[in-house]
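Coming up are structure 1 and structure 2: the same protein chain in two forms, each one given alone as C-alpha cells.
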Structure 1
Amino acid sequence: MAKVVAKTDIGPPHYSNMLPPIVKENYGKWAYHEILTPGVLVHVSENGDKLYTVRVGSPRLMSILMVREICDLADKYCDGYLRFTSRHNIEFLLTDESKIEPLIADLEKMGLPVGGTGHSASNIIHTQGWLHCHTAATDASGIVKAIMDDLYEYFVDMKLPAKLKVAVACCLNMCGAVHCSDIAILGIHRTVPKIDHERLHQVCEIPTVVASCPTGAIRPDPKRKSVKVNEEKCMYCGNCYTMCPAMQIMDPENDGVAIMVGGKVSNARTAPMFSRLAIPFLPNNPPRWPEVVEAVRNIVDTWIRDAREGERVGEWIERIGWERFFEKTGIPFTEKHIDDYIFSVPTFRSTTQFKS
C-alpha cells in the first residue's frame, strides 16, 4: 500500500487555468455565433474577436494513446487548449481560421468525424454496459458504435428536420439518464430475479431487500432465512439486485433493449418532455445489434419524411398524434405501451379527440 502523502479536498483544477487566452479575454463578452460548416462554429465577441470551434465525435471510451493524439492536434493547431462537450464530443478551439482545414484533414486521417452541430445527429450519450458495470442488461459502447455507423451521414451533415439526440443506458438505473432523449435505447430485464437462498442471509439484510422493491413483490421467507418474490408483482427493475447480489436478475436469454422516443430537455418552444415507449423489446444481438439499428433507422427515416422544419421527434409526434406515429412507423401498438405503474392515468386519452 502506498504511503498517504496526498493532499485531500483540493478540488478540481481551476477552470481559469484551462481557458485559452481568447476565451479569457472575451469571457462573458460573446455577441453571436454562426455554424460555418457542419461541425465548425465561429463565436464572435463584442470587440470583433473570432473563436473557431471544430467539433469532433469521439467514442467516449478512449485509451490514453488516443487522448495523447488528440493533445498532439490541440498543440499543433490550438496552442494546447481544448474542451469536451456534455455529449462526449471533443472541441478544438482555434483563433486562426486558416488552420481549420489542415486540422480537419488531420482528423480525417485519424478517422475522427467532424459534425454534431445544428440539425444533425449529435453524439450518443451512454453508460458503461457490459464493459464496466455489474448491473448491465446490455452493452453500451457496441450499440453506440453500430448506431453511429448507421447514422454517420447525419452526424457529419445538417440535413435533419431538427437536432437528434440519442442516448443509451444499459439498465433501468439509467446512469445515462435516457428518459428525455429524442431516441432512447434502454437495457431491460424481463424475468424475475433468481434468489440464491444459501447466500442471501450472509450478504444482505432481509428488511433492506424487502424495502428495496417498489411494488412490494418481495416478502420475507423466514423458514429459509431468505425472501420470496411474487412473480405477478415483479416488474424486473433490478433495484433488489442493486441492493443485494443474491437477487440475481441477469438473464442472457431474456435480457434485451427497449426503445423510447420523443424526449427533450431544452425549453425551446415546448417544455421538456419524457421519452415514451415505442418498442418494448428487441433482443441482445451482439456484436452489432442489427434489430436495434434497424429500428432506430426506421424511426429516424419516418421523422425525416414527415416532420416539419425545426420539429424535434417529440414535437413531431405530439403534432401528428401517437396513433399516427405507430401507423407511420409501422411499429405495433400493444398492451405493453399502456402505462400500468403509479402515474398511469394522466396518460390515458380522456377525450374523444383522436384520429381514426
Structure 2
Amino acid sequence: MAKVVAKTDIGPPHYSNMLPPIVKENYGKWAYHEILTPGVLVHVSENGDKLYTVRVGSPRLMSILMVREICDLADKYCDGYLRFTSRHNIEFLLTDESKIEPLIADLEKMGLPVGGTGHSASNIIHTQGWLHCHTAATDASGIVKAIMDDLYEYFVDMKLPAKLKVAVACCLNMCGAVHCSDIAILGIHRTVPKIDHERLHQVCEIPTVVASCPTGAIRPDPKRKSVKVNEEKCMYCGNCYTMCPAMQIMDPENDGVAIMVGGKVSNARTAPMFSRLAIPFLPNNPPRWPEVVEAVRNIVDTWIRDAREGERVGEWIERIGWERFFEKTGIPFTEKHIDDYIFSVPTFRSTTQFKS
C-alpha cells in the first residue's frame, strides 16, 4: 500500500499554474514580437497564435478598490489574465485583437495611460518613501508623480533615442533599482544619527546596534550604557536606526536627494553599467520637488539632442566622455564626484559577458 506523505512546506504556487492557456500552449515556441502602437505589443508563435499585450502605467501604491477595478477589466477583456511588471506597469494579456481599443478606452476613463514600450520612458520604479519607510531621506511617490507628470509625453509616445528607465530610492539601502537605471534619484542623509543616550539602553541591544554598522563607525560607550559614533566613518545609511529607534537619522534641514545617471541592466550593445553620481545634492521641496524635476528634465533634454538612435543614457555618456557630459548639461563638477572608495564597484567584474 502506497504511503501518502503530507506536505509540510508547500511554498509558492508554481508559475505555470497562472499562465494564460495561449502561453502554456506556445511555451518556448514564440517566433517574434512587434510593437503595434505605443503600449501595445503582439507576440506571434511558430503556430501562428497571437498574444496581445496592453501595457499601462500604474501609481504602484493603490487602494484595494482600484485593484478590483483593474481585475474587473481583466475579467471583461482578458479572461482574467494580467501581470504586473518589475517597474510597476500593468500588462493586460489578450487573444482577441478586437478587444484592444475598447480596453484602452476603459483605461482612459480610469485615468491610466497606455505606453512605456520601445523607445519611451518606462514607468518609474520606486521605494516606499516617507509614507511607509522609517529610514527614508525623501519621499518616493511624490517625486515620482512630479517627474512623470513632466515626462508624460515620453511615456505615451516612442520618440526618445532609446528606452529610458528612471528609478527612485528613498535612502542608501536602495530598495529601488537606482544602481542600474538611466537616471536615478537617491534620497540621502547628510548628518550622523542623533543618539538618545537615556533611552538607548532601555530599547536597544547594544551588540546588535554595533554589528549593524557596515563601516564600523559605532562603538560601545560603557560609561553611558550607550554607544558612540565616529563621524568620519559614518556614511549616513540609517542601518543603526533600523535596529535602534533611539538613533534618529532623519534631519529635515539636511536630508535631500542625489541624482545618478548612466546605469543599465541590459547586455545589448554594451555590457551592463552601474549608475554614477551626477548631482550630489538637491533639497527636499515637497509637494512638487521643482529642483529635482528641472534637473531630470535637463538631463533628458540634453540626451535627446545629442544621443544617437538606440543609444541609452550611459552609452551616450561613454561615447562623449564624462567631461563633455558635465559641460553639455551645465552640471558643475565638484570634489563629490571623485570616487575615493577603496572598494569601488567599477573594479569589480559586474558584467555577465565573461572572458576566459
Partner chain sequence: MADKETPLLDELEKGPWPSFVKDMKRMGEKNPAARDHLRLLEKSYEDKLVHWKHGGIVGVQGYGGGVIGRYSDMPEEFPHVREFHTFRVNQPSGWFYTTEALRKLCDVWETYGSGMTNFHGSTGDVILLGAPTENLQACFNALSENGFDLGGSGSDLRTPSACVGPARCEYACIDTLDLCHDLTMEFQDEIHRPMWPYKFKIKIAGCPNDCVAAIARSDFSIIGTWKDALKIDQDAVKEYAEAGFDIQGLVVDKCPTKALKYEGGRLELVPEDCTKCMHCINKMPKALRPGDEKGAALLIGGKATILQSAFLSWVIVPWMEMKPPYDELKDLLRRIWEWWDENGKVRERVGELIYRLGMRNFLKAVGLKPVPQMVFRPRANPYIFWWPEEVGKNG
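Here the rigid core means the biggest group of C-alpha atoms that line up within 1.5 Å when the two forms are laid on top of each other. FYI, numbering is relative to structure 1, first residue = 1. Please read all numbers here as calculations on a predicted model, not as lab measurements.
> Working through the pair one at a time, identify the form predicted alone and give its number.
If we ask which form is the one predicted alone, the answer is structure 2.
> Considering the rigid-body rotation between structure 1 and structure 2, state which of Ile188, Ala295, Ser226, His132 is located at the hinge.
Selected hinge residue from the list: Ile188.
> Angle of the smaller rigid part's turn relative to the larger between structure 1 and structure 2, in °?
11 degrees is the angle the smaller part turns through.
> Provide the displacement, in Å, of the CA of Val203 between structure 1 and structure 2, taking the core as the superposition reference.
Val203 is displaced by 3.0 Å at its C-alpha.
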